[in-house]
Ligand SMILES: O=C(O)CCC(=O)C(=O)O
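Okay, so here's just one chain, in structure tokens, the form predicted on its own.
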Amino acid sequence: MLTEEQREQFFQVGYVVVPHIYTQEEMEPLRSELSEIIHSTAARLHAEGKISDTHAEEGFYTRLTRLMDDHPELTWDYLRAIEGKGGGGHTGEAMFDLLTHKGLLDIMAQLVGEEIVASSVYRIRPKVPGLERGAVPWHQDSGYFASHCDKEMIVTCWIPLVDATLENGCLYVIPKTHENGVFAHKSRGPSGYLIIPDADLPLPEAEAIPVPVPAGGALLLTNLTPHCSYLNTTDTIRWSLDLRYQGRGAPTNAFQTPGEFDLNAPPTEIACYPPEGDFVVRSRRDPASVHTYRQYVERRAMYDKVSLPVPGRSWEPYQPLVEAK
């Protein structure tokens, strides 16, 4: 549970670190699931004659790096296998166990109430050393959500599977700026990332605060807290998760099928991120509405087959400044 000081920091400053939520033993099943994905992908590419060395002797924190170093052109083969469509495609049982962990949900209840929906936007982040895509530019999570949800509380739980340090790419935040609404974002090329240009940052980048987090702990962020991360400069992968939760009163598609999506419906009936399926993880009022593991897998699969828009966002392309020569 959060202390009153931690809860106050979250709401007043926009973020807080909770050092210990998961034990190493609780995180190990997900590491095993992800290791198996890497192994099977490497085995397939080897059978297809695309790679000669599967680096089977390497461990969870180095194997993907070796595979990508050998064949950079196959980077997306590995990332798609790990992340799935949109980044939230992995629906292994260990993933569900971490999403529905009692300790984490107890904390979420202090921030969004006892009726908890897991927002569809959860992600697995393998920040491979030197991988350009591993550096995520300044943004607010609300920049990706429907504009009618700008005033909703959607909590991001950023959870490293290894100690997150300055060297391997912990997150940076700009504190006490989450009450200023959504800043101007721009879309940034094929990576799909949004970026708040330097001129639109609420404070100079030099005033941002790095936030190291131990493995099994979490950095909790509001959906309006600007944050970013830089390149991993170590020789091991910084694996992390970002999970998101909201109260049941916020717009959700947890009780809809993709076929019921209606862009012209009242905003209260349109999920904050329609392309993927939300699911209920706790309800004191209606326990029968909590989605089981099987229902969670079915919901994610249903939404994986369609492509739905995010209403109310039309960010312009990002044009970096070019120095005159």
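In this text, residue numbers run from 1 along the sequence as written. The structure presented is a predicted model; accordingly, all values stated were derived computationally and were not measured.
The same protein also exists as the form predicted in complex with the ligand; that form is not shown, yet it is the one meant from here on.
Think of it this way: in the predicted complex, the ligand has a heavy atom of just one of R188, H139, H101, R248 within 4.5 Å, and the residue is H139. When the ligand is considered in the predicted complex, H90 lies well away from it, no heavy atom lying within 4.5 Å. Within this chain, T156 lines the site of the ligand in the predicted complex, having a heavy atom no more than 4.5 Å away. Heavy atoms of G134 reach within 4.5 Å of the ligand in the predicted complex, making it an interface residue.
Although the partner is absent here, E115 lies well away from the ligand in the predicted complex, with no heavy atom inside 4.5 Å. Remark: of stretches 209 to 217, 147 to 155, 67 to 75, 126 to 134, the one touching the ligand in the predicted complex is 126 to 134 (heavy atom within 4.5 Å). Contacts to the ligand in the predicted complex (heavy atom within 4.5 Å) from stretch 243 to 281: R244 only.
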